[in-house]
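Presented as structure tokens, the chain that follows is alone, the form predicted alone.
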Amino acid sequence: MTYPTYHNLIGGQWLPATSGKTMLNLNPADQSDVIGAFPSSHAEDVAAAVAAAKQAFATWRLVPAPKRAEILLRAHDILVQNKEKFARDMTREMGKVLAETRGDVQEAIDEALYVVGEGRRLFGVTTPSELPDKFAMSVRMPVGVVGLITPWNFPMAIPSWKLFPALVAGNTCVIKPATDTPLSTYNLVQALVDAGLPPGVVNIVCGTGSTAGAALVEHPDVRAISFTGSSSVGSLVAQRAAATFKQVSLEMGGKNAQIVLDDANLDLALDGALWGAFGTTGQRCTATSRILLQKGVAAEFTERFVARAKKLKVGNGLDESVEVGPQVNANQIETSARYVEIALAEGAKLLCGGHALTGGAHTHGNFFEPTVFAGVTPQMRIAREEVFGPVVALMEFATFEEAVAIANSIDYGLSTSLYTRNVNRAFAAMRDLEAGITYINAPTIGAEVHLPFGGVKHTGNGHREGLGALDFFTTWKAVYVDYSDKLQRAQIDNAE
């Protein structure tokens, strides 16, 4: 069997891991399809990448931000030209259907356009000084070398959320892509290289989280870490980064609720629930994993939802007729199966699905049936813990206030959704739901790049992607210019 071998990008050179070891990237829909061999890197490789980024920072930070943005604009054009190829590469390595991988590449395209504009909008603030003949202002400065650790479920979109704002702000980067989906990050970075990004400004180190990821978090010359992944790993990242006083952005798990009130447009709510629960095979941090149904519509919604879930076509995402792709690896299948057993043991009622799919077109892949549970109570683990698979819990409630309380009763707070025609309820939900994102009459998935993305509680630590990314990738510097030609002492010479 022949397949390509990829290397780390360090200081503009493609280099194998110092260990010589590699990891195979397999198609989750057909594990006989090997996408390529990627480096299994360790601390030595990370150190080399950080050193290259540190050296490049000395000159990259001096490039005017609008000129940095022009490179991103050229990268945008390359992404547009290669959208279909990159989408097919992504479906092969990640599994989600082509419609979704095209959307993933499009999100990187959109992020590029958004950040290009920010190259001329890195505004500071001027303000009057309290002393005469003195000018006061504040400016944004780059942080330095930043480490980016990205997940497998959006292997081009999420790296673009981190790389593009970091670069336009004048930082240099070391990115560690997810071990399951490195090729999409390679495609994204290659677009930047082809657009004229100088050597060392972006470096790729491929490896596991416990080796390459940990070394990146702990390296003293890395000044900031942006991490997207599970809450348990995010907690470790924050703790280890604290030892060297790094600033850390964490975007982590979710257990997202769609609330359907009695007055909702039921057809619309069903469409949203089906897409939110089973899009990306449920492998989104914003996936609709809880559907809260007011008692007046619960029976009809449940019957229709289950009927539609049973009809979803599961298979290889390269087949345009397929609606649900595979899970990314065997571990994710095991997790989905384990939560099915947990839910049954706790008394939930399985309405459809619940099993891995094997045989026929599913023989060589990691496939799991779209799975729906009813009779779920707020105390059950299936209602509180992130499954990250095509498994959804239906829960009933009597009043709007009860629904909000159930939605808020978990440790996570990423995305929420309310279907209603009552404008008063809509605005109350926007105020009262404990989440970083609230949709009205739309599913819990579908974020746009120019709005803040992130959550509260165990979902995040207060930073945001999108609108808030430049706040993370820059630091503020206060600047004072005294042209009085004499010593002036603030808070002293002007005191009454």
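This structure is a prediction, so every number in the text was calculated from the model and none was measured. Residue indices: 1-based, along the sequence shown.
The same protein also has a form predicted in complex with nicotinamide-adenine-dinucleotide, omitted here; what follows describes it.
- Within 4.5 Å of nicotinamide-adenine-dinucleotide in the predicted complex, a heavy atom is found for all three of W152, G209 and S230.
- Note that among 370-378, 262-270, 176-184, 295-303, the stretch whose heavy atoms approach nicotinamide-adenine-dinucleotide to within 4.5 Å in the predicted complex is 176-184.
- Interface residue remark: G254 is counted as part of the site for nicotinamide-adenine-dinucleotide in the predicted complex, having a heavy atom within 4.5 Å.
- For the chain shown alone, F38 is not a contact residue for nicotinamide-adenine-dinucleotide in the predicted complex, no non-hydrogen atom being within 4.5 angstroms.
- Contact between E386 and nicotinamide-adenine-dinucleotide in the predicted complex is found at the 4.5 Å heavy atom cutoff.
- Remark: L312 does not count among the residues lining nicotinamide-adenine-dinucleotide in the predicted complex, judged by a heavy atom distance of 4.5 Å or less.
- A214 is the sole member of L351, I71, A214, I410 with a non-hydrogen atom within 4.5 Å of nicotinamide-adenine-dinucleotide in the predicted complex.
- Scanning K134, R240, R88, R421 against nicotinamide-adenine-dinucleotide in the predicted complex with a 4.5 Å heavy atom cut-off leaves one residue, R240.
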